[in-house]
Structures are given as C-alpha cells and as structure tokens.
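Take a look at this single chain in structure tokens; it is the form predicted alone.
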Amino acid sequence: MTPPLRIGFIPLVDAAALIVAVDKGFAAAEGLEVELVREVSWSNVRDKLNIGLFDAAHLLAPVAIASSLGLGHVKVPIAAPFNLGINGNAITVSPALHAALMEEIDGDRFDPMVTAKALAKVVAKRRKAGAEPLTFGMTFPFSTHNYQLRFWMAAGGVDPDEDVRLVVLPPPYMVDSLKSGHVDAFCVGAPWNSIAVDLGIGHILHFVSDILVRAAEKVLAVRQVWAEKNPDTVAALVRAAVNAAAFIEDPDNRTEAARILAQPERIGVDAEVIQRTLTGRLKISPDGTIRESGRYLLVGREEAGRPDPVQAAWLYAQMVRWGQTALSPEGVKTAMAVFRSDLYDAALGRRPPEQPPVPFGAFAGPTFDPDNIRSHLEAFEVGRWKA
C-alpha cells in the first residue's frame, strides 16, 4: 500500500470517476489509500495542488494549462494523465432572459447560432432602453465555461467583454445567484443546471455539446515533478479511474453510481438528479420539457478518459483569443504537453489507438488545426487577440 493520498474535488458529476474509484474500491484494488477532500472554489483546488497540500486533484482542464504556463498565478507545471469528463456543461438562463430570447428566435431554438443571434438582438434592445448589461456567471477565468460562453455569444456578434458582464462564481453558488437576480444566466457543470430547473428558476438553453461536439472538461491533475517521482502511483490512479469510469458507463450500474455520488460529503444532491445527468436525459424547463443527448457527458466511453493534446491546444487558442496570453510556439507546446496520453497508455499497457479521437465539431468557425492556430484566430471577428 502506498502512502495515503489527498485528492481535492469540487462537487460536480464530472468528478464521478474519481469519487467512484475511491468509494467503490477501485483505488484500493490498485493498492491506493485515498482521502477525497471536497472544496468549493477552483482557486482553492489549484492552490492546494500547487503547494503540495493535495497530491492530485479534479481540476478544470484550462487551469492545468494556465498553471503550467504561469498565467494568473505562480508557474507550476501540471501533468494530466486522465480526462475525467468530456462535455457535461450547460448554459442556463433565467425565465426573464429565456422569454426575451424566445421572442427574438428565428429558427431552431436548439441551434446555438440561432440563439447567439437572438442574444445579440436582446443585448441591442437593452442598450437602447438604457438597461444594465446582462450578467453571465462562469466558474473561473481559465475555464471551459468562460471559453464556451464566449465562443457561443461571439458567434452571434456579441462581444463578451463589451456587451455583457461575465462574473466568476463557484459552481455550488450558481443557483442561488440566479435565484437572487445577481446573474441572468450561467454556464456550469452538472448537476447545478438541473437544480435551477427543478427549482423553477432557470431554463437550460444549451448543452455544451450543442456548441462543441467533444470538449475536454476536467482532468485528473498532478504536479509534473510529483508524477516523475511517483510513476507507479500515477499509473495506479489512472487504472482506478478507468475502471471506475467503465463501471459508471454501464447502464446497469447507473443507479448505484448516482447513489454514491449523491452522498452529502460528495456532491450532496438528490440521486435522481445525478442519474439524469449520467443518462443524458434532462429536464430543461420548469414545465417539464425533456431533452435527451447521448453526448451530454462522456465519462469513459469513446475514449473519453484518454487525454487528447489537441484539446489542450484548442483551450490554449481560446486563452490567446481572449487576451489572456500571447501566441507562441513555446506556449502551444507547453499546453499540449499537459495532456499526458503517454502516461494513460503506459498505465494500461497499450499502444495509442490507431483511430484519431472524434473532432471538436464546433458549431462556428473553421476546423481547428493545432499546427495553425493563427489562421484559426484570424477567422473570428470578435476577440482580444492581436496578430
């Protein structure tokens, strides 16, 4: 048995593989003793991982990249040998904003380009009326939620830095912030979108899989130096997470997995809400409207657990697009090196798959090429990037 590990997490369903690995015994089967520590904010998780209070963490994929680049905080190289989730976020809006958007809709309301253009009309009307800008909540400046919101609204001509306000809120506080009117909408991971719908205070406007077919979300993160000193422990963690993900993805295990995740010391919401997330069958409006998607959250299927460095390059490109860093060959290389598919393959004793992963499938913009980020950025009219 290795020395006990302390691993931090945020109460979100995409921590499922980590939580089930510990609570269902997959970690113990690999000779690991793990203490899971529930946190509220991503800054807490990042800081405790960086200074060594955590051995590993459930972490926003862009935070792992930003930490390795030294953006927004001290520079601590991070290795991500396992991808905890693909997709899983959603954009939820208040009833008032939902009504305003539906008044302006011209086309399929599930088409993100249609809703982005409707948002532009709502923003223009509010400006003309002298109303305050709409406020959108997201979880962290270096977050998929930030980039997904920006990608969506900018496609419709809304400048996220000029036309609306984006504010940072910890995931568990999103619902209360919407209820109190502090925000008009938010982008967050499960289960918090469903909680807002169940309380009658929100409508799920989009699953993130409407915006990007395949988007890396959270990673199992360790400090690079720690990974180099503890290769066997890293491999054991990966195997435990892979086995837990396979357990969760089995439909026969969904009820038990949801019960494990629902515990007060884990995610702490009703198991039925979590089960909706795992099955991809969600209530999207207080009137009971149901929408189903097989791509809402991927925990293990479709090679979801294997880190894809191209996903890291796309996230880096968003950092550049929105002025968080400058474009450089070194930056791209550093970002891609965070996603350690080599460690994943080595832990499982396998060769890299011959088939490339499913592409991003972004609803707007050109096909992403990690070798030509400049042309990707030049294709967008809205952004903070300067050539």
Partner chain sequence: MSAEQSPKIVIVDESPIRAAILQEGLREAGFTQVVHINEMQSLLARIYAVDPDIILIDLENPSRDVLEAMFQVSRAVKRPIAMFVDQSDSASIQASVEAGVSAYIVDGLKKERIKPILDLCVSRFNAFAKLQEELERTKSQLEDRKVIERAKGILMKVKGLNEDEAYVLLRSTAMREKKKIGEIAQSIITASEMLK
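Residue numbers count along the first chain shown, from 1. Bear in mind the structure is a predicted one, so any value in this text is a computation, not a measurement.
FYI, the form predicted together with its partner chain isn't displayed, but the following is about it.
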| query | finding |
| --- | --- |
| Candidate stretches 352-360, 66-74, 327-335, 23-31, one within 4.5 Å of its partner chain in the model of the complex by heavy atom | 66-74 |
| F136 within 4.5 Å of its partner chain in the model of the complex, heavy atoms | no |
| Distance check, W42 to its partner chain in the model of the complex, heavy atom within 4.5 Å | yes |
| Heavy atom of L348 within 4.5 Å of its partner chain in the model of the complex | no |
| Any non-hydrogen atom of P309 within 4.5 angstroms of its partner chain in the model of the complex | no |
| Residue (of P141, P286, G156, G280) lying close to its partner chain in the model of the complex, criterion heavy atoms within 4.5 Å | P141 |
| Option touching its partner chain, based on a heavy atom within 4.5 Å in the model of the complex, out of V168, I201, A262, V122 | V168 |
| Any residue of 43-57 that, in the model of the complex, places a heavy atom within 4.5 Å of its partner chain | S43, N44, R46, D47, K48, I51, L53 |
